[in-house]
Every structure is written in C-alpha cells, then in structure tokens.
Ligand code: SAH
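Next up: just one chain, as structure tokens, the form predicted alone.
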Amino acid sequence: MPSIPDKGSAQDARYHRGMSTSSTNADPQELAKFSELAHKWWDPESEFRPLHQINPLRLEWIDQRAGVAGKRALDVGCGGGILADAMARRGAKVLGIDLASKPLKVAMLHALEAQTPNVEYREVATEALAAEQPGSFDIVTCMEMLEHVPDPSAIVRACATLARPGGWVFFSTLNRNPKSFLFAIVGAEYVLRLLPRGTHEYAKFIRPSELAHWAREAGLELADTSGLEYNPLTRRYWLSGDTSVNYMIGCRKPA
C-alpha cells in the first residue's frame, strides 16, 4: 500500500516540474503507460470504465455552459477519443490531439468504424498547436491530463492561447490533499481496482487554487467549478459542489 508523501516532497516535485528543461512537455513514462492499454480504450468494462462512466456527465456540464453544437472544439490529451467523439456526435467540429501514438490510432480507428462525423486527430504538442493556430477554437477541453505532464501551467497557457476571444476552456484534474490520496489512489487503484496501480502520482495532483492561479495568469476568467463524486456501492458517479477529490473548472477567455 502506498504511503502519502509529506508536504515538502509534494512541493519539491512541483517545483522541479516547473523547472523542466524538456523541449516537449510530456513524460515518456506516462505516454508509455497509456499506450500499453490503448487497445482497451473503447471497452467500457476495461480499465477505462471510469472514463466511459463520467463522460456523459462532463459532456453535459460542458454543453450547458458552452453550447457544443456548431462550435469548433479542441480536446487536448484526447487519448482514445472518448470525449472528442462525444462532442462531435453532439454537433461540434472536433480536433483531438495527443502525444501518445497508440491511443490516437485507436481514436482514429473508432471514428472510422463508428462513422463519427466532424472529428479528426493529430499527434502534436499543445504548445506547438498554440503557436500554429492561436485563437482558433470556441471550446478547448483538457480532461484528466494536467496531472500527467511535467509542466501543467504551460498546458494551461497553451489552452488559453488556442481559445478564441469569448471562448471557453475546460479543465479537469485531481485535488492534492489527504482525502484525494485516500480516494483516488488507495481506494481507486488498490482497494476497488477501478484503475491500474500507478495510474496517478500524488505529488502531481493540483489544488483548485493552483489551477485557478495558472488560468488567471494565462488571461482566463474562472466561470464555474464542479466536483465529481463516486459511490462504490451503487457504482454511480455524479456532479456536486465537492471539489476535494475530482473536479472540473470552466474558464472564459475575455472577448
């Protein structure tokens, strides 16, 4: 059973992440981790079952705020395309990007097999796309990715750059506190086995105040927040005001 890192080690890890000198803001071990499971991405009973279960909730939350239909949307860190595919089916023109080749190929294959309209995928870094297409998207989503990269603040800045004036930017991640360690790592990975062991690293979890700070620094305005809760007895997820474990934030880029 893992032990919770002390406050200092979490802060040290966060400092060194911010000082990363890598030319690509990605962790090769994280990319490999998800690539190994790529063939299971669209199996709702696999390790990706939680993503399939929460996807309708987060899609509805995004749609209620940004109005997905008819919009140009970008899904950053799209993986196998669960959210990108859903936004396309709701009427958006969607681009999904990732740096993990195998999940992207799975996303492309699924789009072909399911004949999903108006969705395409590219293997490109978020920062590179921001330099190439600034201000191009009505909606930018970045779900369950920030806690897997060396410098999450750089992703937040790139997402802000990619959004058009007046557009929406949505993030979801995990809070960093003892409760989230207990629920998201000990509970989800070791006890309930909802996720493979090693999926998350506690020191990389992000407090809402930190994410809000990065968003403001990137020129975004915080518009809404929501927590995501899970009942292991009923195996049901729901949205709530409790952001102590999983949470989402919605931001607007000033017009």
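What you see is a predicted model; the values in this text were computed from it and never measured. Numbers follow the displayed sequence, beginning with 1.
What follows is about the form predicted together with this ligand, which we do not show.
A.B. asks: Using 4.5 Å between non-hydrogen atoms, is residue 25 touching this ligand in the model of the complex?
C.D. replies: Flag for residue 25 set to yes.
A.B. asks: Taking this ligand as it sits in the model of the complex, is residue 110 in contact with it (heavy atom to heavy atom, 4.5 Å or less)?
C.D. replies: No, residue 110 sits far enough from this ligand in the model of the complex that none of its heavy atoms falls within 4.5 Å.
A.B. asks: Is it the case that residue 164, even though its partner is missing from this view, gets within 4.5 Å of this ligand in the model of the complex, heavy atoms only?
C.D. replies: Outside the cut-off, so no.
A.B. asks: With a cut-off of 4.5 Å between heavy atoms, is residue 228 one of the residues that contacts this ligand in the model of the complex?
C.D. replies: Contact with this ligand, no.
A.B. asks: Verify the flagged residues 208, 222 and 249 against this ligand in the model of the complex: is each one within 4.5 Å by a non-hydrogen atom?
C.D. replies: Judged in the model of the complex, none of 208, 222 and 249 sits within 4.5 Å of this ligand.
A.B. asks: Though this ligand is not shown, can you say which of 34, 61, 214, 202 has a heavy atom within 4.5 Å of it in the model of the complex?
C.D. replies: Of 34, 61, 214, 202, the residue with a heavy atom within 4.5 Å of this ligand in the model of the complex is 34.
A.B. asks: Let me know the one among 95, 149, 156, 87 whose heavy atoms come within 4.5 Å of this ligand in the model of the complex, would you?
C.D. replies: Exactly one residue meets the criterion: 149.
A.B. asks: Only one of 176-184, 141-149, 111-119, 87-95 has heavy atoms within 4.5 Å of this ligand in the model of the complex; I'd like to know which.
C.D. replies: Going through the listed ranges, the match is 141-149.
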